[in-house]
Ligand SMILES: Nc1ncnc2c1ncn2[C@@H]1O[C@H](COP(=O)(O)OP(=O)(O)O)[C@@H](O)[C@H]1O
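Below you will find one chain, with nothing else, as C-alpha cells; this is the form predicted alone, and questions on how it binds or moves follow later.
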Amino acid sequence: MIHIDKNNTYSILSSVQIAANVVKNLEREDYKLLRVFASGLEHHETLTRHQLVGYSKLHGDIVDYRVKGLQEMNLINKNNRGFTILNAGLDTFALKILAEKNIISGIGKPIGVGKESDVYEAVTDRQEERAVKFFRIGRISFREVTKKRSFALKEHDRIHHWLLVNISAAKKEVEMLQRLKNTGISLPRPLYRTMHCIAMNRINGARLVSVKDLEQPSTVLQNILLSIGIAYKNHIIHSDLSEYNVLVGETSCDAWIIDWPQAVTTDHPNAQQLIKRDVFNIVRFFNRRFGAGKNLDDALRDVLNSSSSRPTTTKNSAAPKIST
C-alpha cells in the first residue's frame, strides 16, 4: 500500500503499519470475517464466498460488502479459487486480539527488522513499554527458491504456506522461552502469543552486531557462554546463535539471547554440531571484534562442562528498551 502524507511524500507501508492504520476503523463484521480466515488457515488455503457465509453466519450481501472492503485495504486477496488472507490481514487480526486482551493499547515504530521477523514498539494503557514480534519467515527464503527453480508455488499457495510456517515458529519460540524460564538465562519474556505474533517485555540493550565497543568484553562473552551452557543443561540448544541474536546492555555486562524458534533439544541427531557452531560463532565474533583471545575448544569445553549456576548478571525484569 502506498501512503501519501500531508506533505505529499510517498512511502510504502509495512503490513503492520497497514494493520495499525485500519485496526480501529474496522467493524464487527470485518473482524468476524478475519477470524474465519485466521481460524481456517490450518485446513484451507482459500475460502469461497459460500464458505465465508457459512462459517461467519453473516448474510451473503454483508459478506460481499465486507469482503470488498477488506480487499481494498489489502487485508485479503482474491484468486480464481476464492479468497486468501494476507500478512496485513493476519497482522490486523493479531493486533485486534492483543488490544482486546489489554496486552497493548498502541503500536509504534519498528525497533528491529530481520530476515525472519519484524519487531515493533508498543505500549499498554498504563504506558508500559512492550515489544511485539511478527514472524516473517519466507520473506527471503521464497525469493531465493524462485531464483534457483524453474517453477514456483502459485501466489495464494505461497501466502498460505508461509503464514502457517510463521504461526508454527511463534508457537515454537514461546515454548522454548517457557521451558527456559527461571533457569537464570537472560531472555525475552513472552506475555501473550496470538497467531504469528508474540507480545513481550522490551529489553534495554542493543544488538551485539551493532556494538563497536564494550567495557568488559570478556565478561560479556563469559555470561553468554554460561547462558548457552545452562540452556544445554536444560536440554536445549539455540542452534542459530550469532552476533545478530544477542542483545547487550549499553552500560553493563548484561547479555540477552534472543530468537529461539529454531532451537532443538539435546537429543537432536546433530546436537553436537549445533552446540559447537553456536559457541564458535559467538567466540569468533568476540575474538575478531573485541580481541577477546578466547580459545574455541576451551570455550566449547566450558559450555559442555558448565555447572547449573546462574550467570553473573541476569536482569530479565529490567526496564525495557530494545527487544526481539
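Counting begins at 1, following the sequence as shown. Since the model is a prediction, treat every value here as computed from it, not as a measurement.
What comes next is about the form predicted together with this ligand, which does not appear here.
**Student:** This ligand is absent from this chain, but in the predicted bound form, do V23, T92 and I104 each have a non-hydrogen atom within 4.5 Å of it?
**Tutor:** Not one of the three qualifies.
**Student:** Between K172, R207, K78, R179, only one gets a heavy atom within 4.5 angstroms of this ligand in the predicted bound form; which residue is that?
**Tutor:** None of the other options qualify; the answer is R207.
**Student:** Could you check which residue among L98, C253, L247, I159 gets a heavy atom within 4.5 Å of this ligand in the predicted bound form?
**Tutor:** That would be L247.
**Student:** So if I measure heavy atom distances to this ligand in the predicted bound form, which of the stretches 214-222, 78-86, 106-114, 160-168 falls within 4.5 Å?
**Tutor:** Only one stretch qualifies here: 106-114.
**Student:** Is it the case that N201, even though its partner is missing from this view, gets within 4.5 Å of this ligand in the predicted bound form, heavy atoms only?
**Tutor:** N201: contacts this ligand in the predicted bound form.
**Student:** Can you tell me whether L226 touches this ligand? I mean in the predicted bound form, with a 4.5 angstroms heavy atom cut-off.
**Tutor:** No, no contact at 4.5 Å.
**Student:** Is there a heavy atom of L70 no more than 4.5 Å from a heavy atom of this ligand in the predicted bound form?
**Tutor:** Close contact is absent here: in the predicted bound form, L70 is far from this ligand, nothing within 4.5 Å, heavy atoms only.
**Student:** Look up in the predicted bound form whether H196 has a non-hydrogen atom within 4.5 angstroms of this ligand, and give yes or no.
**Tutor:** Looking in the predicted bound form, residue contacts with this ligand do not include H196, since no heavy atom lies within 4.5 Å.
**Student:** For a quick check, can you give me the residues of 118-138 that have a heavy atom within 4.5 Å of this ligand in the predicted bound form?
**Tutor:** Contacting residues: V119, A131, K133.
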